[in-house]
Structure formats: C-alpha cells, structure tokens
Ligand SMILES: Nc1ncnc2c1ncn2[C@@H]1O[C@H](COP(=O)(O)OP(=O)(O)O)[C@@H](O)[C@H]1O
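The chain below stands alone and is given in structure tokens; this is the form predicted on its own.
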C-alpha cells in the first residue's frame, strides 16, 4: 500500500511546468519524503481556499504560499487583520529548533529569507493610503457598508443617478451628505428630485444621512477621497521578486464590514482595469482575503451573485483569489465550486454543529482510499493539512495529507522602527499621501446656496461669465477701432504731431542754426 501510495501521488503531483512546493505527503503519520506536494504555477489563477480552526496554521500557510509566489515573480495582496503578516519583510530564525526539526523530517534545507513588502492602509496606519471616491465605490457597495435595507439601497441608486445628471461629483462622504441635505431640506432640491425621479420619503433620506454620519465617526472619511488608488501599483517587482502588498487592518478589527466592503470595491476596480490576458504560464496577481466570512455575512443575494460572477471571470485577467476562513461552509457554494486549490487544516468536532461542518468540509475533497478523511481531519497537527489542487490539465489531484514547509520569513510582527524603514523607502507612500482638493458636490451646492441659484445654474456660472467677458471685450475693441479709423481723428493726430515737432525743434535751437547757414 505504501509503495502504491508513493507511486500514485508522485505521478499525479509531477508537473511539466514550474510549480509551488507546499510540503510532502504523509501516510499513517509518516512523512513520505519522496512525494512532494505542490501546485502548478499556471493554475494559481484558478483560485483557492485555506481553511481550518483557529491556531492550526492557516496564517502560516498563507505566508508560505505568498513567499513561493514572490520567488516565482508573482506579486500578491494580503489582508493583515491580526498584524502578524508584516514579518514577511524580514528573514526567519535560522536557529529555531522546531523549524530545523521540521525541515529535517522533510529532508529539506531551511533558508531564512525576507521578501520585498509594501505596507498599505485604509485608515490612519502608516503605509500607502488606499482611497476611492464615493462614485467609484458605487451605490450597492456603499449601501452594504452603510447597512441599508433594500428600499434604502434603491434610494441611494437614485441619488447617484441624480448627481450624475446634475454634474455633482461624489468624491467624499461630505459630498454625499450635502446632496442628501439638499434634496431633503431645500425646497428647490426637493421639487427637482420629485419632478424627475419620483417622491422619496424624508424619513428614508434622514435614515441614510444618519448612517453616513455614523460611518464618518468610525473614521471612514480618511478612505473616501482623491487620489484614488491605481490597482496597477500592486504589480511591482524588486530584485526579480514579486512584491508582497500587505493591507494593515489591525486598527479597524471592530469594523469588519468596512474593510470587507472595501475589499469588494478593490476587486471590482481590478476587474474593470486589468486587461484580458487569458491563461498564462503564471498569474499576474494573487489576492488573499483573510477572514473571508466577513465578506459574505449579511451580503444580499445580488451582491453574492456579483461576487460569484467576478470569481468566474477575473481569472481571465490573470488574477487568483484565495479565501481564508475557518470552515469551507463560510464560502457560498457557487463560489466554493470555483476554487481549484484547497488547503484544509484541522477542524475540531466539539459540538453537533461542528461535526456537521466537518462532514460538509470532507465532501468538498476527492475521496481517498488511503485516508478516513472525516476522522483524520480532526487529528491533523499544527502545520499539517489536507491538500488537493488542479493539475496542468485542470483535473483535481488526489487528496494528500501534507506535512507543510515553514515560512522562510519571520513568523512574527515587525517593530515600529522596521515599519518606519519600509514606509520611508516607499515611493508609493509619497505618491498617495497628498490630498487632491477637487471641487465636488459639497462645494457646488454650497456656492449655489450662497448665490440663490440651482446646482445647474451654478455649474453654468463660470461658462456664462466667460462668454459675457468675451462679448464685452469684443464690443470694446470694435468701438476703439471705429474711433481710430475716423477722418477727424487722423487729421487731429497729424496736427498734434506737426505742432509738437515744431515745439521740440525750437527748444533744441534747430531753426536758428538753419537760418545762420542760409546767410
């Protein structure tokens, strides 16, 4: 059985192209050093799942996978909720006894190494500021982050349409708040909204306005604005290594709805801006979404369908999505079925509900004659995982109980000094640290209020003023030309010149000298 196991898995996990090594297979708790478990590099854009109970090694698997991608020249984007992924920037501890023991069991050599890291933030943490305008966020995602119901979401869509028609740019939350106040409290604004878009209850507008104020109090104002982050800045390389982009989220753990919705917004931007490239030898970008259940919790059916569609299509952009969560059931079935690589760490069956989740998790993996999966999944140690992926033909590989390799980088957080060094060396920090003071709906409506004009009239003021100035200038020029061309002015000019010349010559004594020469 052992020989058959080694032969079968060695064959199925041998690929023609480049691959990412994750560990070595185990059978009856023994490491099979001849059976290397990995995934073809070209199949990384087929997405994946990293699951397991707390403390079983999910974060370390995420760290290892991002390291392997960086070594193969693939940039990554990671969500760092607990703050322990920043250690990727520094080498690991080459004298760590547990790591050395693990690599001895794997018959591999441990090489401590740091990787190029870019720190990003959507709050006031140090790093590259990630921002987007309210318009770019869109009505559906904005409604999700505001916690609005279906009726209120439809109202937000109407407000977006109103702003588009009235040329009122929605850049930050102040712009949106000002528009809501205008169509609620201003008689002209209320009349305009009702006439063109239908009647909207003031109570609904007031509820939306209160939600916006609450969001501002939670610190979201620093996210909405310009310059907007360009997703192409995630595709960076340093010393032939793919840059690992880490979004620092430790200071907003108590507001998971905010950063999960932001992540969806960023995925939308990436999908819209990245060109179609089809299947390549390696992906363009890999994105790891930690605590993925936060994205799907309380998400509407419409939003779930949008995410599912994006997962299906974004791979053609060269992007792989990896969801990290505790149980596979946290991910909707329509999305779970699209995930090619699955790394399943241990699950604990303490309750009846836990046991049901274990049964559901096992159903997501290929059946195996070598393992009793529903039992073994509860006995996996830290740093062990069930793995199955897609081979180069898109066929699922056999389920493998895998003894995982350890990360080459530090498995701990960076110090404040080390964070400062990374931030100070980043040109992207300098690129995005300045605020762009663009004229938005807030300024336009404030000016229209002061001038007792409608937003449309206010947007036309500068154009009308310019046209008026041009007409006045043309009129003045025409009058001046008429005066200069008159006969009277030309005769008067010649007389002034002649008499002026005589006076000047007399003052110089020119006439006297001429009279003397004649005599």
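Positions refer to the first chain, counted from 1. Keep in mind it's a predicted model, so treat the numbers as computed, not measured.
This next part talks about the form predicted together with this ligand, which is not shown.
> Going by a heavy atom distance of 4.5 Å, is residue 422 a contact of this ligand in the model of the complex?
Replying inline: No, residue 422 stays farther than 4.5 Å from this ligand in the model of the complex.
>> in the model of the complex, does residue 406 come within 4.5 Å of this ligand, counting heavy atoms only?
In response: Yes, residue 406 lies within 4.5 Å of this ligand in the model of the complex.
>> in the model of the complex, is there a heavy atom of this ligand that lies within 4.5 Å of any heavy atom of residue 46, even though the partner is absent here?
In response: Outside the cut-off, so no.
> Does any heavy atom of residue 382 come within 4.5 Å of a heavy atom of this ligand in the model of the complex?
Replying inline: Yes.
> Of the options 411, 257, 235, 209, which one has a non-hydrogen atom that comes within 4.5 Å of this ligand in the model of the complex?
Replying inline: The residue from 411, 257, 235, 209 that makes the contact is 411.
> With the partner absent here, would 177, 178 and 225 each sit within 4.5 Å of this ligand in the model of the complex, counting heavy atoms only?
Replying inline: Heavy-atom distance to this ligand in the model of the complex: none of the three under 4.5 Å.
>> The chain here is shown without this ligand. Which stretch in 266 to 274, 382 to 390, 127 to 135, 310 to 318 comes within 4.5 angstroms of it in the model of the complex, by heavy atom distance?
In response: Only one stretch passes the 4.5 Å heavy-atom test: 382 to 390.
> For 204 to 235: residues with a non-hydrogen atom within 4.5 angstroms of this ligand in the model of the complex?
Replying inline: Contacts from 204 to 235: none.
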